[in-house]
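The chain that follows stands alone, in the form predicted alone, written as structure tokens.
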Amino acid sequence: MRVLKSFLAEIVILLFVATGAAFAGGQTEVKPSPSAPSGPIPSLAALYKPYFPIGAAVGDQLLDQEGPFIASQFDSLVAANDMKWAIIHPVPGNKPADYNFAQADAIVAFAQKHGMLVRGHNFVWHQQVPDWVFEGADGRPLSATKAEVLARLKEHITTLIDHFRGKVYCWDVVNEALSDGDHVWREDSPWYKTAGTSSKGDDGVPDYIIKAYEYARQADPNVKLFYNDYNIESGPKFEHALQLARILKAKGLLDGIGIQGHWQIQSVDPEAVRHAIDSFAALGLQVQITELDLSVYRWGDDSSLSSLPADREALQTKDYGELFKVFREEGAAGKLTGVTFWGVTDADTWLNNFPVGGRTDWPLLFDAKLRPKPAFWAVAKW
């Protein structure tokens, strides 16, 4: 009897490990990863053409290194950093010499050469903005008047839209303006501190947000204008994003919502994502997943792995497969109009330096040697 009990105990342990529940005490069943067929790697862009464009965030140097591979897999691009204010408009002024268009122009030229779409990212963000944007005549931080800040914002938006007219089909006008905490708005943003008071009749939306969309609409009535943020698929932040979208849509200033999709394995809920897509689409907006990656670390986990454990890879594969099932269904229904990965391979992901500096993460579909991972086949084989 003692031998039988021991044998049964061993069987229970083996089953527990086989289901992947050993990772973080979870109870999730993990099915075997899809097998990789022999022959050429299929193109994600070709596979998903009936549903939506598939994009990647890139820099001009990455295009130099991996250009043919990127062109074979994707039909949409976004500049990861090269259209942000600190890179493209680092010094005060509105003369051509005050702007640095070289890197962004290289990305756009590559996209045009290969018949790819380009998303513009972004005009307004609380990070990567030069200090001079918020400085007054005395040179002190955040001493500029609201009128000064808004004038600089209008000039910046108008210049970028004019420069990329007909080459960039949509812009993330405002990025991450909503709070993660108890407040609605990100009140620590320099935009909020200098130009955050709201005008009468704008339902409490900070002026810099309303004005940014007004300036963009005036500069080009035809380019699509998006609001982009993370964690807006559920909870209070979803409700706040929905309300902001209603207000901007009613003013004729918003065409789409970008759900960033910076998620972690075993913590993303595909059905919550579906509900968010449906809710924003019901307002008459385009909805896109704009910055997709799936970290193999839970949020708040500061550990560091030297290699990707098989159980975490299996969980990532499962999550990607379930997410793209939702994406295909929403794309087929005309509710989801694009999916963009935030990077191309695990070698160039920003998550190798955030939230833990110098830590290796494996959040994308291709490994550092451009080889498709099991998650790729979960996305490509359905």
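Start at 1 with the first residue shown and count on from there. All values derive from a computational prediction rather than experimental measurement.
The protein also exists as the form predicted together with a small molecule; that form is not presented, and the subsequent description refers to it.
Undergrad: Find the only residue in 243, 81, 94, 143 having a heavy atom within 4.5 Å of the small molecule in the model of the complex.
TA: If I apply the 4.5 Å criterion carefully, the residue I get is 81.
Undergrad: Only one of 159, 175, 286, 266 comes within 4.5 Å of the small molecule in the model of the complex by heavy atoms, so just point that one out.
TA: Looking at 159, 175, 286, 266 one by one, just 175 meets the 4.5 Å heavy-atom criterion.
Undergrad: Under a 4.5 Å heavy atom criterion, is residue 69 part of the interface with the small molecule in the model of the complex?
TA: Answer no; every heavy atom of residue 69 is more than 4.5 Å from the small molecule in the model of the complex.
Undergrad: Does any heavy atom of residue 51 come within 4.5 Å of a heavy atom of the small molecule in the model of the complex?
TA: Output for residue 51 is no: heavy atoms all beyond 4.5 Å of the small molecule.
Undergrad: Although the partner isn't part of this model, could you tell me whether residue 249 comes within 4.5 Å of the small molecule in the model of the complex, counting any heavy atom of the residue?
TA: No, residue 249 is distant from the partner.
Undergrad: Is residue 262 a contact residue for the small molecule in the model of the complex, using a 4.5 Å heavy atom cut-off?
TA: Within the cut-off, so yes.
Undergrad: Which one of these stretches, 206-214, 133-141, 118-126, 104-112, sits within 4.5 Å of the small molecule in the model of the complex when only heavy atoms are counted?
TA: Only one stretch passes the 4.5 Å heavy-atom test: 118-126.
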